[in-house]
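Given next, in structure tokens, is a single chain: the form predicted on its own.
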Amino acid sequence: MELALTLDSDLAQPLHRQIYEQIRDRILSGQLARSQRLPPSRALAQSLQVSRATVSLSYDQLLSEGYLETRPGAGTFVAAQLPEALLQVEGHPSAPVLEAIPLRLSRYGQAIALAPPWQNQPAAPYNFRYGHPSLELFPLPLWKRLMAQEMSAHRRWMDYATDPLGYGPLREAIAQYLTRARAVTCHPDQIVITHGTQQALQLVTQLFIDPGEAIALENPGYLGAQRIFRSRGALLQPVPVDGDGLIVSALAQLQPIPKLIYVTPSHQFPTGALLSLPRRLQLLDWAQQHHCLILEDDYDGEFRYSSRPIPALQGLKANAPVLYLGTFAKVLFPGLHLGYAVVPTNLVQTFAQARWLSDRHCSLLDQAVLARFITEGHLERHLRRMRLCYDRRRQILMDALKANFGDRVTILGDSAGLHLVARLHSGLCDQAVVDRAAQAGVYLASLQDHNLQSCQGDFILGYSEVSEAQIETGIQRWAAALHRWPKTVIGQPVIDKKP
């Protein structure tokens, strides 16, 4: 390890004493932790350009005073137990208090500073968090084998990327898959590899939106997109959704006309509604007439259970003004950090340049392994397996909700994806429902967090990560928690009867 010390040979204080005091002060301030290994005296002497005897003299004094200890065959370490007297040395310097440096943030920086911190979904024994695939069912041995083969075949994966669009074979594999499975009309040269949907949305907003310009988006809708749009100073125009998805006729009421429309047509987030074919065509016509770009976020369109796969909005019309976004976070695993954007031909080079400026490239090794995973048929086999698993868990969750809540619950958006919405007719405020569930060891989220306007009683329950037994027990505990405790009721009191 390195140990950066500041020595001044012009001082009257000997060099060994300077070394001694600086190491001692770092031990007492906690900068050098107990049992932390120090560099060998020879290595530290070379680093500081002093004699080894100078360093050894400092180490010897620290050893004699109990600050350091030696371990045969291992080296020199900070003492595991420091005597109480050492911790109360007079004159020991405290950590410096740094004054805030007056800096002026940009508009973007100010928006970030004022935004509420992102809240991670907490762990819970019965965790119905949404947006996470089942990691234990991923074919990890296969992935490791493909990775080992790529690593041993060559060393190009260790270098910088040369293609700003992303790894060519991966773009070809994605283009073939999207054409076949999602009816997307695209060429590999229209595909830009990203670090996921968030980065793609960030790039699109940078390229298209100046502060004060408008973006239309579904309401309720994806909170991550809302935060990105707000951070760029965009004017957010909420458009309501119903059982057929975005209400396209409401776009005519928007002033000013938006430059972008953000939609999740295959499985509206978070309500789960499917944008009907007539509305899809209507939306495309409206966007073409008003020179508006549609951002189609197909975040989990691969998972449908009660109908045939729905073709993507992007492929319904030639030259549709659609920028299609996809991610492998849901179909494979989030830690892969790979997604893609299918960009209209006239925007490809601009988008690729913005991508390169923000982040040179995604991992070439991960891209190469993913390309083989797709082309060798492993992706579609994995998807078939996961559809069966998620469908089974979805059915168990719906049965458990009906069994425990009866006519007090309405289930929405259950035909696709990795989550559904439970509309609970309890009269409780959402926070009370969430808090009582948490006290029973159950995590669930209120849909209110994703709504730009007020709503009550809708809760998002993910089912992809929880086992069948956990689903049944978790819903039972949730229902029991709502029944057991006194209620804080909104509006008229509710007569509570056991579900």
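For every residue, the number given is its place in the sequence shown, counted from 1. Only a predicted model underlies this, so the values are computations on that prediction, with no experimental measurement involved.
A second form of this protein, the form predicted together with a small molecule, is not displayed here; the remarks below concern that form.
Q: Please run the contact check for residue 266 against the small molecule in the predicted bound form: heavy atoms, 4.5 angstroms, yes or no?
A: No.
Q: With the cut-off set at 4.5 Å between non-hydrogen atoms, does residue 327 touch the small molecule in the predicted bound form?
A: Output for residue 327 is yes: heavy atoms within 4.5 Å of the small molecule.
Q: How about residue 128 - does it come within 4.5 Å of the small molecule in the predicted bound form, if we only consider non-hydrogen atoms?
A: Flag for residue 128 set to no.
Q: Is it the case that residue 143, even though its partner is missing from this view, gets within 4.5 Å of the small molecule in the predicted bound form, heavy atoms only?
A: No.
Q: Among the candidate residues 299, 405, 390, 229, which is the single one with a non-hydrogen atom no more than 4.5 Å from the small molecule in the predicted bound form?
A: Of 299, 405, 390, 229, the residue with a heavy atom within 4.5 Å of the small molecule in the predicted bound form is 299.
Q: Which of 413, 164, 196, 427 has a heavy atom within 4.5 Å of the small molecule in the predicted bound form?
A: Contact check passes for 196.
Q: Picking from 103-111, 257-265, 373-381, 229-237, which part of the chain touches the small molecule in the predicted bound form when contact means heavy atoms within 4.5 Å?
A: Answer to the contact question: 257-265.
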